[in-house]
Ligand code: 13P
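The form predicted alone is given below as one chain in structure tokens.
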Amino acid sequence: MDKKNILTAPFVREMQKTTANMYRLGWDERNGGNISYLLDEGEVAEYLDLACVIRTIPTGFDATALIGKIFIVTGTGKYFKNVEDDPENNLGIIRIAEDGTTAELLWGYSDGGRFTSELPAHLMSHISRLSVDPANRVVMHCHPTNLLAMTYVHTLDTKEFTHTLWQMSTECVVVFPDGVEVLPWMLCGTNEIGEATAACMKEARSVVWALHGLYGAGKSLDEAFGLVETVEKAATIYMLTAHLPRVNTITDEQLKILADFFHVTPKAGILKL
């Protein structure tokens, strides 16, 4: 049976649109940021011969828990602004091989490139999120400007950082009731930061890398994007008002009313009631 054109696949088109929007919003300058998206094998099989492996690439991480899983992943050194016009060069579809430490390239990276250097951190985070919610399929890393700025002027205590973000907009406690986890500055591209991020991902879908950026997870590209968008909006409001006298604020009692109305449970230990 003839395969469908991979360039028409919804998951490729979604990646094109998402990366274009992230670049447009200034979250992913140059080659900053990366996305990995767990795909449905049956859907991928409509477009690719899954027995045809173009080449294999070491992952640098033992992802035994993900053997056989297929991901579409942004490429290392690739600019998000170029994904829309040239997805086959800037994206790749990989499958975690039977040894758990090798990725089988099924499509993409047409110039001989490879997946993002942050892939180990992504795979670790996928393992964590899937253990919490099997529906979680997306891990997204980016550098939102105001959130990054906020980490320079706000305490990096997870509870205090979350509390401040919740107070910045009525929707925040509803969109991310699990709060944000905050890591101190760490060297990126290492398994160490990947392990720390994955541990945080068991507690929340948002992990702030201080002085660097944000990791966000979700069930879809839209959900992960919307999570990042909401966190960044809250950080923007904070940066616009932090130096001004606070005349009004959303109180903890009001945050509790919001959570009850929208049937969400705020992360314990943050509201002072």
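Note that this is a predicted model, so its numbers are computed, not measured. Start at 1 with the first residue shown and count on from there.
What comes next is about the form predicted together with this ligand, which does not appear here.
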item: This ligand contact in the model of the complex: H141, any heavy atom under 4.5 Å; value: yes
item: Distance check, S117 to this ligand in the model of the complex, heavy atom within 4.5 Å; value: yes
item: Distance check, G77 to this ligand in the model of the complex, heavy atom within 4.5 Å; value: yes
item: K233, heavy atom within 4.5 angstroms of this ligand in the model of the complex; value: no
item: Contact stretch among 154-162, 141-149, 88-96, 172-180 - heavy atom within 4.5 Å of this ligand in the model of the complex; value: 141-149
item: This ligand: the contacting residue among G60, G226, G26, G32 in the model of the complex [heavy atom, 4.5 Å]; value: G32
item: Residues within 4.5 Å of this ligand in the model of the complex, restricted to 197-222 and counted by heavy atom; value: W209, H212
